[in-house]
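A single chain comes next, written as structure tokens; it is the form predicted alone.
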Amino acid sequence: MQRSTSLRPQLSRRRFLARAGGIGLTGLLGASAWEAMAATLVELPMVNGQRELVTDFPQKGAMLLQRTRPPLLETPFEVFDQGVFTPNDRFYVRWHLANIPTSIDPATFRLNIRGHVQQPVALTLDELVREFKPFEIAAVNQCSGNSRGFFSPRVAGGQWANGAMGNALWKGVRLKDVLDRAGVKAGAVQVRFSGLDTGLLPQTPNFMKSLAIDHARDGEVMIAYAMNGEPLPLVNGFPLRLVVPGWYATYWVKMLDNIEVLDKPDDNFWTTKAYLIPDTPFANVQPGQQGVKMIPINRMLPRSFFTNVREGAVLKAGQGTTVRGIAFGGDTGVAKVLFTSDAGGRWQEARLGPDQGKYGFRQWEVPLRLSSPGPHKLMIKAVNTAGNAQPDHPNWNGAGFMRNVIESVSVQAS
């Protein structure tokens, strides 16, 4: 398959610790950064879609600016055509609280494990790297509100296009192994996580997320200290980030420094009031619909995208080309990707690129020859290994969560 990459970077323990020592010493949001914001404008294909393309965030290349504080940075979509692993310097950024440390000293940092455990533990970065078996997994990190800017009627929140996602090879330690170090007591029901970010006002609820104890100990949930072979960028959660494969990014707590084992259900704001979805297929309701049961957002849904063909592209009639893109299965692997060039009249199976793991992106490609001049509607949909497919019609909910409708682009053959 064209442009497929197999990224298997190796980061030794010694190399990680050496590089980690040099991270976080640059200001995250210094005044000069705001004064020097790039003036390049990009028009995203949605209502009020004009965005600045900025280059002045530390450890970041050109990113689409959604908001400055707390920072929301979107990955320009052409990045996803370069391979299945999203480069660290182009990986999207989403924070909930505005007070984010601008420097972290790896030598004094501690990860605290407490609560319903045999004994509280405070681990240094050195201990995490040297004393625990390393673990790697490729997994997509996707904001719950990715693609919110396409919701109609519009809803409040960050108006993302499709670039609030990224795929990385995460390296760190299994959460299970860290919990075992502290010794989980009988009767534990959940594990709660929080990081170093805080709110501007004292009454702002600390950002905390929880997982059921069995999920937390499933051997896939992990504490990452590296992505794509390098320490985490500061704005992506350095020095540690929770990785919850197959679940939306709200659970992937950044700058993780506190793990609390609970013996009763978590009742904090971010669990009981925020990030709730309708308990319906695709979290779909009608605008204004009342009396719908709400539950915490959880597993991701399958998605697929075009990466080398854009809306309004002009193709030569009768001339062959290759259409390609990426897909992921959500909470499981991709079984197949289906493509049509006649608005859904006839579907064909695309060829899949190498499988880097069931939670990651897979590239797909299909040969295309448009025989007749005029408009054509290209469509793509993913089907995961559980048999779930992207729906024909977009979902809607008041939070703008979990969009995964079949993607389409209209092109012109000439």
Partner chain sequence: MSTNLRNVTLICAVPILLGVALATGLAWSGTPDSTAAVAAAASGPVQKWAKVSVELPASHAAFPPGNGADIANGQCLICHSAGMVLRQPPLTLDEWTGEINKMRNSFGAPLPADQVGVLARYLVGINGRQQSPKGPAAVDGQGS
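Since the structure is predicted, the reported quantities are computational estimates derived from the model, not experimental observations. Positions refer to the first chain, counted from 1.
The protein also exists as the form predicted together with the partner chain; that form is not presented, and the subsequent description refers to it.
For this session: Using heavy atoms and a 4.5 Å cut-off, decide whether 129, 276 and 358 all contact the partner chain in the model of the complex.
Result: The answer is yes: all three residues contact the partner (heavy atom, 4.5 Å cut-off).
Exercise. Tell me, which of 300, 234, 168, 244 has a heavy atom within 4.5 angstroms of the partner chain in the model of the complex?
Worked result: Looking at 300, 234, 168, 244 one by one, just 234 meets the 4.5 Å heavy-atom criterion.
Exercise. Only one of 184, 292, 155, 317 has a non-hydrogen atom within 4.5 angstroms of the partner chain in the model of the complex; which is it?
Worked result: The residue from 184, 292, 155, 317 that makes the contact is 155.
For this session: Decide whether residue 120 counts as a contact residue for the partner chain in the model of the complex under a heavy atom distance cut-off of 4.5 Å.
Result: Although the partner chain is absent here, residue 120 would stay clear of it in the model of the complex, with no heavy atoms inside 4.5 Å.
Problem set entry | Touches the partner chain in the model of the complex: residue 61 (any heavy atom, 4.5 Å) | Contact with the partner chain, no.
For this session: Answer yes if any heavy atom of residue 281 is within 4.5 Å of a heavy atom of the partner chain in the model of the complex; otherwise answer no.
Result: Flag for residue 281 set to no.
Problem set entry | Touches the partner chain in the model of the complex: residue 66 (any heavy atom, 4.5 Å) | Because a heavy atom of residue 66 falls inside 4.5 Å of the partner chain in the model of the complex, the answer is yes.
Exercise. Looking at 197-205, 302-310, 336-344, 74-82, which lies within 4.5 angstroms of the partner chain in the model of the complex, counting heavy atoms?
Worked result: Residues of 197-205 come within 4.5 Å of the partner.
For this session: Taking the partner chain as it sits in the model of the complex, which residues of 121-141 have a non-hydrogen atom within 4.5 Å of it? Please list them.
Result: Those in contact are 125, 126, 129, 134, 135, 136, 137.
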